[in-house]
Each structure stands twice: as structure tokens, then as C-alpha cells.
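First, one chain by itself in C-alpha cells, the form predicted on its own.
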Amino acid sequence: MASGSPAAPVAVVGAGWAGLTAALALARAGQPVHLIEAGRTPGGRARSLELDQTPLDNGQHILVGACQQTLQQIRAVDIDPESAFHAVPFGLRMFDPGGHAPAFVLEPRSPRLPALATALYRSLPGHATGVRLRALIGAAAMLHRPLRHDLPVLDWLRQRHQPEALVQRLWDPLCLAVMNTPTRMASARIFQNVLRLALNHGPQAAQLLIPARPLGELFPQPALRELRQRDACVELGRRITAIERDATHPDAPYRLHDRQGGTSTARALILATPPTATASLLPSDPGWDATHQGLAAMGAGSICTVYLRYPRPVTDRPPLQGLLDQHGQWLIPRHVAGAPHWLAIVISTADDLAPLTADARWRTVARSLARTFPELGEPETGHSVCERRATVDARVDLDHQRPPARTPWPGCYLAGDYLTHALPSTLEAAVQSGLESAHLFLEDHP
């Protein structure tokens, strides 16, 4: 078949949420698609796995109601978000080590400014009235006054008169949850954008959405089913190691080589792979310097999720509890996802902690939880699942360093959560990028 023929496929490399979104958008537009994924399971860094014969996930992902593009993609594969997620009104309860009562509570009746201000005021008992009022005025400015220049979140918080009690018990853990980057380094512009998206658009946008089913059932698996129904070629467990193209011919096809020696041909290409993997597949010619510099600038942050299995069902815990000064920041009982014996503990920026083996990590977390919540008792077993490159390093001025989705190769595009401006590495950022890469191809190939 001649290269450039309408029947030649568009290859999408990577079946994470960005790649799946791009592949679906192209297939729905009538384009032939060839989806290639190195892993045996779709979903990338938000995929399902099985531990002790229980379906769990490689990480505990929580959405907010403002993730409109992600929720729309889930609806489009015939999954109802109303039943797929456990919705929790915005609010936080944070526990110190060994503290049986919460050390910090922020539970506004509504995320709207009057109710949020009242909740913030009440969260600062023992502080002078002037300190509390300045903190409220500063928090209101954080939500409603755009930043002219980026700066570290910690500096921004201090400029907005946030007392250390709020920094340590609210903003530090919230920034880690959203950005996987400490406040001393994280981009205030990106953090502000996330806060405004979630808190400036009413109660629905601010809801915390905890998956009520394994992640694979919410999008990756139904997305693959639809792609196959639309006659897309789907290959799992195939790792692409090299890409070639004759640069002297503008319509030359792409040749994709795998580590088993196989080769595939495509008329266009979307690389929905992490920055380091993407860089390894692209040419090192001078014309690609800007792309490579952008990819190298993304950095990486790790996230570990500890799963603990208890002998009795743990169904009496709230859907989300914060942990202060412990080996982990968030406790999520898995009974909402059909695994009542399991608890998930999220450890952001795990590489900043002392290195531990997987066994030592879950045991460390279990001991800490037993001191804070003695009613839990001792777990039967545990697992530690770490994503070493879970997110980009969402530091100051990251947006100025992101590479563009279009590349120097005609018909070659990048996709991934690291490309979406004003957002950290989230499912919403991945989905938005997947849509953008597909739309760019359709614009360039009407």
C-alpha cells in the first residue's frame, strides 16, 4: 500500500490515559489507529493491578468535580461517573502522629467564599483576631487575584499572610497532594490554577471523587473495547525501541521497531510516552534541541502507595483522612472500591524520605497508623507500590519549559500530562493532552 494512503494507520505509542484518549478521538473521527503499549495492562500510571487476589490500583487517584474532560471521556465509554466514584464534599481532617482526635479540621458547608472563610477562621483557634482576619483576606486573594509572576508556593503563602499553622497543616499537604512537589519549590501559578478550578465554581466542582471501582474499569478497559470495536489494531506488551523516518521526503512513513526485531509502518505518530522514554525515541539532530531541552526539563517525582490488609473489614473509616508528620500524607479506605479489608496510604515525594525496601515501607506505615488509630490493630500483610517517575517536577516556571505537542517531524505529535499548561501531572492533564494531540493531527490532515 502506498505511503500516505488514507488507509495507513496513525500509530499511538503508549496506552496511558493520554494515549487512550488520543486513540479514541482519532478512531471516532474515522482514522485507522494502531495503538502500541509496552505494558500488559492499559492505563499507564493510573492502571489496575492485583495484589493477594484483590483488584487494586498502582496508585490511589482522586479526582475533583472540576476534572470535566476526564469525566466526559469516562461517560463517552459508557461509564456513569455517578456510580463510578464516591463523591465527598470538599473538606479535610488532618491527624498528628498518635493523635486520636484531628489536629486540624477544615470542613466548610460550601466551597463558596463566605462558608470557606468561616471554616478557615474556625480552623485557627488560639490565634489573634488580626492574624485570623489577615489569613482570610490573603486566602481570598489567592483564589481571586491572578499572579503576574510565578514564585514558589511557600513564598506566595507568606506574602498572603498565611500563618505557619495553616502552612503546615493545610497548604503543605494540599500542595503535595495536588503537585507532588513541596511548597518551597512548587509553582504558585499552577497551584493557584488548580485551587481556582476546584473552589471558584461551586460545590460540584469542589467535590472529591474517590474511585468506587478499580481504575482499569473506569476508562482503560472500556476504551480498549471501543477501539477494537472500531477496528483499531491494539498491541499490548510490545515495547517500541526505535523510530525511523526518511527526512528527505515529507510524506515518508514512520517505521517503528520493537525490541524483538519487529517493525510497523505508520503515516503519522503520537508519542504518548513519559518524557524520558519519548526523548530516547526522538532524533538527536540539532533541529530537535528545543524538544529535547523541554523533555529534559520536566524532571520527575515519585509517589508510593502502601496497601495494608486487615483481618476484619475496615468499613467504619471516613473516605479520606490526612496524616501529618507521618510516613504518608493520606489514608483512603478501599471499601469504597469493593476491597473492604484494605487501606491505601499515599506517600508523595517518596524519594525525599529515607530509602526503604518495599517490605520495610509498608511495615513502617503500619506502625505509624497503629499509633494514630489504635483501633485498626495490626494488618495481616501489606504491599508498597512505587512509581518512581509518577509526575513531573511542578516547580516554578514549569509552563515556560514544557515542549510543544507538535514536533519537527511532520505528522509526529507528543501527548502526556507533562504537556498541559497550568496543570500538574493529573488524569485531567493527560486527557486534555491526548485530545490536543488528536485534534492537531486532524487539523493538519483534513
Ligand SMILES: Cc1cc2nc3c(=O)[nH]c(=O)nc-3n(C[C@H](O)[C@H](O)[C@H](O)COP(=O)(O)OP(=O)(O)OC[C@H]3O[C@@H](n4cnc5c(N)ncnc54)[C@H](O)[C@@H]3O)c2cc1C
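Residues carry their position along the shown sequence, with the first being 1. Since the model is a prediction, treat every value here as computed from it, not as a measurement.
A second form of this protein, the form predicted in complex with this ligand, is not displayed here; the remarks below concern that form.
- A heavy atom within 4.5 Å of this ligand in the predicted bound form is found for exactly one of A390, A66, A405, A27: A390.
- Of the listed positions (V396, A38, C412, L56), a single one reaches within 4.5 angstroms of this ligand by any non-hydrogen atom in the predicted bound form, namely A38.
- Using a 4.5 angstroms threshold between heavy atoms, L174 stays clear of this ligand in the predicted bound form.
- Of the heavy atoms in L427, some are within 4.5 Å of this ligand in the predicted bound form.
- Although the partner is absent here, A272 sits close enough that one of its heavy atoms falls within 4.5 Å of this ligand in the predicted bound form.
- Within 4.5 Å of some heavy atom of this ligand in the predicted bound form lies at least one heavy atom of I303.
- The stretch among 397-405, 376-384, 48-56, 413-421 whose residues place heavy atoms within 4.5 Å of this ligand in the predicted bound form is 413-421.
- Each of G14, I62 and R238 comes within 4.5 Å of this ligand in the predicted bound form, counting any heavy atom.
- Counting a residue when any of its non-hydrogen atoms is within 4.5 Å of this ligand in the predicted bound form, there are no hits in 313-339.
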